[in-house]
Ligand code: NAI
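Coming up is one lone chain in structure tokens, specifically the form predicted alone.
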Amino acid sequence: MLKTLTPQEPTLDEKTLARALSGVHLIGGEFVPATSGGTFAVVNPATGIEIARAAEGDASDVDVAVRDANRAQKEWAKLSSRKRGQMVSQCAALIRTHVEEIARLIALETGKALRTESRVEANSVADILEFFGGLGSEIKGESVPFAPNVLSVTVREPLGVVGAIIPWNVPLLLMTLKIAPALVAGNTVVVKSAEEAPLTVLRICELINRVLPPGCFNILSGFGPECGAPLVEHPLVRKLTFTGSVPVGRIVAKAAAEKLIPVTLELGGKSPMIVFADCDFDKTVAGALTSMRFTRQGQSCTAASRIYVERPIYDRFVAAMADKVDAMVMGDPLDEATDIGTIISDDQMARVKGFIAEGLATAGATGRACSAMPSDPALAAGKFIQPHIFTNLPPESRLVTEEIFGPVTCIFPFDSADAVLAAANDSEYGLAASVWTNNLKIGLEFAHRLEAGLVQINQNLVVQANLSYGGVKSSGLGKEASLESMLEHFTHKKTIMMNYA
């Protein structure tokens, strides 16, 4: 086993911290190398420079981590749920002292701007841990009126070892939404990090392991077929939770079905934003920038990549939105002046550029590139893409139907409420949607009729603790971020009966 070389106190030297986290998993409260000794490069997407090497896990690492978690779970489950919640809350307090360090490290490895994205995400970790930590007393059952001489009650019990696979776009937020309810409910967790962003989640795991008993939270890095698949298939994993693409989600669901274990899936979206002419115009234009997640380079499941604007304000809206995006600053993610950072990887860069090229080549369509590429020579190899706003695309265009996961949105005029509702629902996805209007009746009617798991009126916030989050159709199965998610997805209900006649 390797001794940790990471600093005990918060540090603002993100490059040194990245190197210190190189080449290791965290299993049983200790940093350990991959059993094969293999590693892979972690690259700063703003410069193209390697900042660390992550341990390349495989089935043998998975087996060690899961068996360790299984051992730890027996003792962890013996603690009262309130005590577990108190310990998870202690983790939140520790992480709050490291927020700036965490924010700088996530900006370094993902290319997300420090001020607009990374610092917000770092704070979300403590917020989510605090929220679920306070729900320990809510893991309770009911009494059942069965017969006069029979005491019948239900209790909630943990499932066992939870296998969690997380993506790279908001790895801290999405990991914490999985581990916090699982841990408070009495489960232990093994996380497989995204290969593009393994460092900051490893630091979070280290901090949490300073508070929780060894083995309650283990984390592995590696690639899907070699590390993710063995975790999904391991016989001691009794619950799966996955955020990622629809094709991989289907693989995870099939594996869960073979084992007859529960699974939670969050698989993306093609979220519509519907703007009526009676909206608060300035607020709505500003909301479009937030809704499209331009500060995250559009790398968001809930990005408003389809915007429908009532015709009387359509031209004005498109022009105003383009002007606002033009004013946003692309640059070094660690610079406080930067609004927009980078795309995560070369593969994602090629994918987004392919969509943009296809849109620009579409007859009759218009694509406007906004903002300016950074001029700093040190960023010349960075994965920067200008945000693009497309108009006049046909509804069957791949830019309209497929999740791009980049800074690309398509804007359409509409004349009829029924027609725009049909267009908004004409998607395989159903994760999120927003409606912008000062007509309460219209807003609520659309909220009920839109095929989405989360509908917001006159706002489009990112995922928040205490708000049930999850989609319909191909956007996934189950809910996250709420008491419901902890009770329904990380416990099972047992009925106990006692005849005292």
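Residue indices: 1-based, along the sequence shown. Being a predicted model, the structure only gives us computed values, none of them experimental.
Beyond what is shown, the protein has a form predicted together with this ligand; the following relates to that form.
Classify residue 305 as contacting or not contacting this ligand in the model of the complex by the rule of any non-hydrogen atom within 4.5 angstroms, answering yes or no. Outside the cut-off, so no.
Is there a heavy atom of residue 167 no more than 4.5 Å from a heavy atom of this ligand in the model of the complex? Contact with this ligand, yes.
Closest heavy atom of residue 196 to this ligand in the model of the complex, within 4.5 Å or not? The answer is yes: residue 196 has a heavy atom within 4.5 Å of this ligand.
Flag residue 401 as yes or no: does it have a non-hydrogen atom within 4.5 angstroms of any non-hydrogen atom of this ligand in the model of the complex? Answer no; every heavy atom of residue 401 is more than 4.5 Å from this ligand in the model of the complex.
Location of this ligand contact in the model of the complex, chosen stretch of 222 to 230, 284 to 292, 134 to 142, 152 to 160 [non-hydrogen atom, 4.5 Å]: Partner-contacting stretch among the options: 222 to 230.
Listed residue (301, 122, 208, 114) with a non-hydrogen atom within 4.5 angstroms of this ligand in the model of the complex: Selected residue: 301.
The single option of 388, 270, 84, 192 touching this ligand in the model of the complex, heavy atom within 4.5 Å: Exactly one residue meets the criterion: 192.
Quick one: 244, 266 and 405 and this ligand in the model of the complex, is every residue within 4.5 Å by at least one heavy atom? Verified in the model of the complex; spot residues all in contact, yes.
Along 142 to 164, which positions have a non-hydrogen atom within 4.5 Å of this ligand in the model of the complex? If the 4.5 Å heavy-atom criterion is applied to this ligand in the model of the complex, 142 to 164 yields nothing.
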